[in-house]
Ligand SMILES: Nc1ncnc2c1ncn2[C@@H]1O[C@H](COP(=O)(O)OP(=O)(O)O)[C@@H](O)[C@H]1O
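Below sits a lone chain in structure tokens, taken as the form predicted alone.
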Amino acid sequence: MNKSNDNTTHDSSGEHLLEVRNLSTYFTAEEGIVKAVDNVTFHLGYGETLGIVGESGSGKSVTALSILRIIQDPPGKIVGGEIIFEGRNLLNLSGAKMRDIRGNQIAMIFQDPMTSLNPVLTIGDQMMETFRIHGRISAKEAHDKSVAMLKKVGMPLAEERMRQYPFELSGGMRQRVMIAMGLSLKPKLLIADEPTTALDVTIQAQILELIREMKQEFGSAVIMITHDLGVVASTCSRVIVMYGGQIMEEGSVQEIFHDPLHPYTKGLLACLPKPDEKRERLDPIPGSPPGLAELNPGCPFEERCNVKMEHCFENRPALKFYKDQRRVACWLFDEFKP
């Protein structure tokens, strides 16, 4: 792991809340080394909402878990890179310091609240624990703060919900509990990992609107991880497209949706129904995502790409800037072809 002195590692620009530099997180499996996140670099500004999209297995969630340093070791391990949060490299912090940052400064909403919430503890016990771990307050103060937070996220009958267990709540209510817990301590960064999965369309819209409202109230930056491009279009200002544990493209929402560069990004957008077009069938990307222990040395998308060239299999394209702040990893846009 690339380590530097925590006291001297700083964000040189001062403009970024978070800078992820050359992050690599690997897992040991029977089939070999799985490069779940491979040399990933990006930044997040204060108060910004960044979308990370891609199919299942592209490395989105592992990137988030790496930022929080909650990768299970073994089998997983962060093998290289830096995670700079407000000038400090999180990979250099002690376990105690990192625990203080989790929830207090960086919070995460997990995609399945039924498995994220403890089934044998009441909602109140779990809400209050968040306040009591990070602050020396009485049980009554923790209770009152918890009820107030549940009310803030639109939870009906908040006092009654405090006495209930997760299985007694609907999926939308459980997700509101997760949002309330995540935002209880007003974190500077909120990571939302598929926050609308398994919710119906009406509840999805309510949850996304709630995250927007809470972000504005608390001034938090948000990383929105999803496979749903519609969610990104309605919530984010900038987008990262991941595939095979790597970043394929990065740009503003407008750039990605109206002028996609990478063949993979174009493939994702072609899968979306368009209200102004009448089509009997959508155009799915052929094939399936590769096993991350079996990637070729070149572009991970090569096998499914409809514009691949001979050198795409053997030579991995670098993620380079293209037209101002856009980045793309594709030989179609690299003047230095091998």
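So that there is no doubt, residue numbering starts at 1 and follows the sequence shown. Keep in mind that what you see is a predicted model, and the values were worked out from it rather than measured.
Only in words, not in the display: the form predicted in complex with the ligand, which the text now covers.
Considering the ligand in the model of the complex, the lone stretch of 281-289, 43-51, 304-312, 60-68 in range is 60-68 [heavy atom distance within 4.5 Å]. Scanning P75, P156, G95, G219 against the ligand in the model of the complex with a 4.5 Å heavy atom cut-off leaves one residue, P75.
At the 4.5 Å threshold, heavy atoms of L295 stay clear of the ligand in the model of the complex, well away from it.
Among heavy atoms of A36, some come within 4.5 Å of the ligand in the model of the complex.
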